[in-house]
Structure formats: structure tokens, C-alpha cells
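The chain below stands alone, shown as C-alpha cells; this is the form predicted on its own.
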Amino acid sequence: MIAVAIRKRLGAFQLDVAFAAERETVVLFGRSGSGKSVTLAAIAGLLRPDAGRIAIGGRVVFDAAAGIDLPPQRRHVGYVVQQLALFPHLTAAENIAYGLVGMSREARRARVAELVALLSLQGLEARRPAALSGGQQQRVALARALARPVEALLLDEPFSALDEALRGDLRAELLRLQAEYELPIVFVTHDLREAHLLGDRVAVLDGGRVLQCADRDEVFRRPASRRVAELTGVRNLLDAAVEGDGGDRVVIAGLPFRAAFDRALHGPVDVAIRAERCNLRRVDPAGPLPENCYVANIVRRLAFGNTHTLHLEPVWAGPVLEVEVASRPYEVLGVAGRSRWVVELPAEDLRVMSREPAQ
């Protein structure tokens, strides 16, 4: 387990974060400059916080009040950064074995062989880093981080310099390693897809603070605030107002929509719905409409890979919207041959939040 609650001032920047990781992968997600890498460096012992406490594997490794600050080598963590810092004059096997001090030659050889097999590096042991591909270098760096007994793995955007195919392979490798070792992993990224794929839980950082830390699906489908919704790629952020007192409806662009939300909310609110959660319905636009539906025209279409992004404007009342449709439903529904649609905003996918003050 990793438990972190620290504060650190760096010039005008103030870091103030708290989160925990059990035997799971916690992704620190946010834009550049949000405090992700600084947090990881503090956990690893490379940066001393001004205040707070860090525990790893049940041991307190930093406590400002108690005067505890263990050096990096005593924190028992594996740490991999984007700049891998492999020793260029050592072979892959020698890089992996570098930290295995105090072990017999046979024990070192056995441990290296175990990690080579685990990370599919067979046949590459004698190569130096310059003779390895980017993905192979990443595997060597991961093997080196795991060579000594560790109680946690810290990964600071280790795949960001790789092409998408290699990143996919290494993401799958990381998921396998996590299942194999059952280690707490703290993974830093600003890549939304990477956060969604790898994180059991996601901590959203902004301006040195954790805005939300929860299960991955909770963060992506139920953001705690408009800012979290913006950072996690919600493209439909709508101004709305609660209808009446204690009801279950919000008014968006002149239309009432049923939604599940805290009954204490009233007046102006923010509403978020992910583009992929909006539905196009085969309903006669001229007839009676089902609940939470309105009529809109597609005004722009963009195709990207296996998805189509549609921009819609209401025919009468209702919000301007972005809808994402996978290629197969797009073809089955015949979206390409029709502009006017009935759009449904499912009640369970409308996230109603307190209105944030203007910045």
C-alpha cells in the first residue's frame, strides 16, 4: 500500500495532494504542470516535501512532524521515468542486474533470467541500449526497476516517447505485471486513453491539487466538477437550472430533462454528458417524443478511425451537442444518409453538478 498526504512549495507553485493505492494501479492524470511528476519524485525520495506523511508497504518513509525521511534506496520502490537512463556501456542483462548488490553471482544470474523471461527479453541480454528498440529499452527499464524486492512501482510517463503500437504492447505488459506481482502502481500520464486503460483508480490533478480520486468509471462518468469533466474529455458541458425544488428535472436550453442528482441542488447548475453516451433514436421527429429526447440536425461530421463525431444543433429547443458513434452503429442506423435525428440524453448519463464560479 502507498498512502500519501504531502505539501510542497516550489516557487509560486503549491503542491497539496493526498491519495492512497492498494494492490492496484492508481493513475495520476492531469495536464503538464499539474504536479504529477513532483508527487512521484516525493514518493521516491528524490524531493523532500515541506509537510505531510508518506507510507509505503506499511512503513512510514516520510513524516515531516516526526523527522522521518528515508533515502530513496531504503524506500523499496521501483521507479521508471520517461528518460530511461539506461547505462549505454552495459548490456541489457547488466543494466537489469545493476542494483542487485549483495547477492551471489548465481543468484544475480537467476534473478536476471527470471525477469528476462517475464518481460520477453530472451535473446537480447547481450545487446547494449543503442542496439535495442524503444519498446525493448522500456522493458529493460521495467525489469531493472523490479530486480530488487520492491513494495511499489512508480512510473512517470514511461511510454510517452513511443509510437502507438509499441505503447499498446507495453500497456498490456504492464497490466500483466500488475496481476503477476500484485504491487501498488502509481502511473503518471496526461494521456486520457492511457488513464482509462490502465487505471483501477484515477486521481485528477490540477494546479497542484487532487480534484477527484475515485474508481476509473466513477471519474469518467461522474466527474466531481465541471473542471474535472473538462480535464477528462467531456465535450458536452451544458449550462442548466434545476426545475423547481426537490424534483428530478433540469432545464437545458429551454427543455426539461429527467436526471438523477442531489436534491440539495437548486438554481443554476452545470450538466455534463460524454459524447459517446448520447443516443440517436429512430423516432419520427414529427411525432410525440420519448422522455429526454429532442430534435436536432447534424451540421458537421468528422470520421476518426472506428468512430464518427457528429455536431448537432437543435431544430427548436435543446442544447448544441457533440455525439460520438462507433462505425458499425453508424452504418446500421444509416446516419450518413440523414441529417435530422431525435437525440436522447439518458437520465442516468446526465451528470448534474454545482455551478462553479467564473474564473
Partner chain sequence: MSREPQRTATAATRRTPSLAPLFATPALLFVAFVIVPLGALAYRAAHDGVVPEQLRAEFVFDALRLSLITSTLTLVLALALGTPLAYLLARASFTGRQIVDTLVDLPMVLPPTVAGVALLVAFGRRGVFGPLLEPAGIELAFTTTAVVMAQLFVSAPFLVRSLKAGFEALDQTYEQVSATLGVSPLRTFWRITLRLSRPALVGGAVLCWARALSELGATLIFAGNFPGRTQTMPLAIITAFESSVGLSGAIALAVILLLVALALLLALRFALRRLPPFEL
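Being a predicted model, the structure only gives us computed values, none of them experimental. Positions refer to the first chain, counted from 1.
One more form of this protein, predicted together with the partner chain, exists but is not displayed; see below.
At a distance threshold of 4.5 angstroms between non-hydrogen atoms, residue 85 is in contact with the partner chain in the predicted complex. The shortest heavy atom separation between residue 189 and the partner chain in the predicted complex exceeds 4.5 Å.
With a 4.5 Å cutoff on heavy atoms, residue 109 counts as touching the partner chain in the predicted complex. A residue is said to contact a partner when one of its heavy atoms sits within 4.5 Å of a partner heavy atom; residue 101 meets this definition for the partner chain in the predicted complex.
The stretch that touches the partner chain in the predicted complex, counting heavy atoms within 4.5 Å, is 77 to 85, out of 114 to 122, 263 to 271, 77 to 85, 169 to 177. Screening 51, 55, 46, 68 for any heavy atom within 4.5 Å of the partner chain in the predicted complex leaves a single hit, 46. For the options 90, 214, 283, 253, the one in contact with the partner chain in the predicted complex, meaning a heavy atom within 4.5 Å, is 90. Annotated contacts: 132, 145 and 148 all touch the partner chain in the predicted complex [non-hydrogen atom within 4.5 angstroms].
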